[in-house]
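Following this are structure 1 and structure 2, which are two forms of one protein chain, each written alone as structure tokens.
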Structure 1
Amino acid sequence: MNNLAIAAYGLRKSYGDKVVLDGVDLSVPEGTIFSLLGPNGAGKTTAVKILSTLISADPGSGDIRVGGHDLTTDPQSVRAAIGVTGQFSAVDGLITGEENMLLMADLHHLSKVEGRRTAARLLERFDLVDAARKPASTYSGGMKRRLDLAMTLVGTPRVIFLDEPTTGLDPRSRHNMWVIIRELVADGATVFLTTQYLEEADELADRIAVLNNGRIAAEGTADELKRLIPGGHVRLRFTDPAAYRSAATTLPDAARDDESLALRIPSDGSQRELRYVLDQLDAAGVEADELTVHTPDLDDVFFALTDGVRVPAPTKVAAR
């Protein structure tokens, strides 16, 4: 087993009466990508803020170690080991991209020559050479995000926190960001990634934890999580409200979506189960206007875990 880059036990944080994190355990082995997945307001950003020393955890929390250093007793050593790129860009908009990079080099106490070299190398790598002499406030969203990450990498951090790094980016910029994130791990860094996009977590992460209402609802590899919902579902859509209602009575297991007149029936997609559904519909004399079979994807897991309807939370997939 590798050493842990991040180990947090019983992470708690509340603002007044509002509990944001309610006892979260996290362990991330070195050199892996860990994704914290959850809907807006689940507490993802709060977790990043605590782990990156920006805010303090509540006193009831257990031990938290990042990069091998204790977060409470030795925050400066943690800071020396990490890099953070937040959801909102952390660049100085008043100065140019290059000046932002040199500012980081100075704050990491690189020599002048070394600082210039590092800045030039990263500007090149992130395709920012042409814009280097322009004020960062004039950059597009994708450029700002790249500059932001480039600044984070000046200090060659061993643990990198990326808080929703692709939120608000167009598809091409998102894919570019994915390529960059994979390169970071190839270079030996550990990446802690938060996202609300299942596709992103599925694509990148070695392990995924689903955060909902301040608790980890499930944790595992993408495949392990998908196995939580054994068979995906069959979706039936109707145009006739009367047919929809009688189908709903015939199939009491179905989750109803009254707005779009659709039913979701848990199913493993096998011929036998499918025939059962069709037989039931035939017997009731209703015909669906559309029938689709969904094999399970992370979306199903996500909805199941975060609305608490189909799978009782919290569920923990045994770590292997």
Structure 2
Amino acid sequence: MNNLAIAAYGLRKSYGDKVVLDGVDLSVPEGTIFSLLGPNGAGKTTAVKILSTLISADPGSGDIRVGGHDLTTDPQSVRAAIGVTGQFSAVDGLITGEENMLLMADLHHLSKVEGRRTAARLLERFDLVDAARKPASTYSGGMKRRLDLAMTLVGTPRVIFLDEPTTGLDPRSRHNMWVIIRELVADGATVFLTTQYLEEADELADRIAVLNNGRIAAEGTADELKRLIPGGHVRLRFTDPAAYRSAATTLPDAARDDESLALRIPSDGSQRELRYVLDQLDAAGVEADELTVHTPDLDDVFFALTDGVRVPAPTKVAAR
């Protein structure tokens, strides 16, 4: 099993009487993308701020390790191992993109030669060379976010926190950012991503946790989370009425659609349940002309887990 890039147990944070994080456990293997979902005010940004040493967890929180370092006893080593791109751009619009990069290089104590080399490499990687000597205030939203992330990478962080990095971007810029995030992980980084775009988590994350009312409501892969929500089914369609009738007899729990010769069997979409359906059809000597598996999407999961819809109890789906 991969080593953990982030391990936090019993994470707690309150502001006065308001409990923001109430015993949150987070485990993120190295070289993966972990996405934390939740409605506004759920505590996503607070979790990022604690894990990136910007604020302290409350007394009584358990052990917290980031990049292999204890956050409480060795915060300086944690800072050296991480990069953070927050919700709001850290770009200084009064200076050029190149000057922003060189400023970050100075903050990381790089020599002038190494700083210029690093800035040039990252500006090229993020397709910002043509705009490098223009004031950052003239950049589009997507360009500013790319520059922001390029600045984060100056110190070659092993763990990267991206707090809603694509908020406000148009679809093309968002897609370009997805490509960059995948490349970061391919290069060996670990990405901790918070987002309100469910499609983004579905596209990128190896594992997803849904945070609600200060607690993890569920955690797993996107497919595992989708199977928590009722409504999944297998649909079988036939062209031969005799085969349709035989299948309906074989699968008495299926909902029938006599007009289109289709059966709908409740299913969580798992391989085990699909195999059961196919074995039943094989035993009866029946073959469907079309088989489709329908599962709830991540939107369904999000609304069910954060709006009080009745779903299974808070769950952490075991990694396979």
Partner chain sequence: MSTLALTVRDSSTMLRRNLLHARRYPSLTLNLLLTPIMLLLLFVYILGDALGSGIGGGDRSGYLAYVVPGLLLMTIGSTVIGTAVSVSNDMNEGIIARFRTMSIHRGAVLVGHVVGSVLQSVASVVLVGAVAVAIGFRSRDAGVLDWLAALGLLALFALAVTWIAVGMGLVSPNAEAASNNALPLIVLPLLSSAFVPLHSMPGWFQPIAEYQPFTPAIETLRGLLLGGEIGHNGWLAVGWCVGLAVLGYVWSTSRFDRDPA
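All residue numbers here follow the sequence of structure 1, with the first residue given the number 1. Keep in mind that what you see is a predicted model, and the values were worked out from it rather than measured. Heads up, when I say rigid core I mean the largest set of C-alphas that superpose within 1.5 Å between the two forms.
Structure 2 derives from the form predicted alone, whereas structure 1 comes from the other one.
Core-superposed comparison between the two structures: the CA of A242 exceeds or equals a 2 Å shift.
Comparing the forms between the two structures, the C-alpha position of K134 differs by 2 angstroms or more, with the core used for superposition.
Once the rigid core is overlaid between the two structures, A186 does not reach a Cα shift of 2 Å, moving by less than that. Comparing between the two structures on a rigid core frame, one finds that A288 has its C-alpha moved by 29.4 Å.
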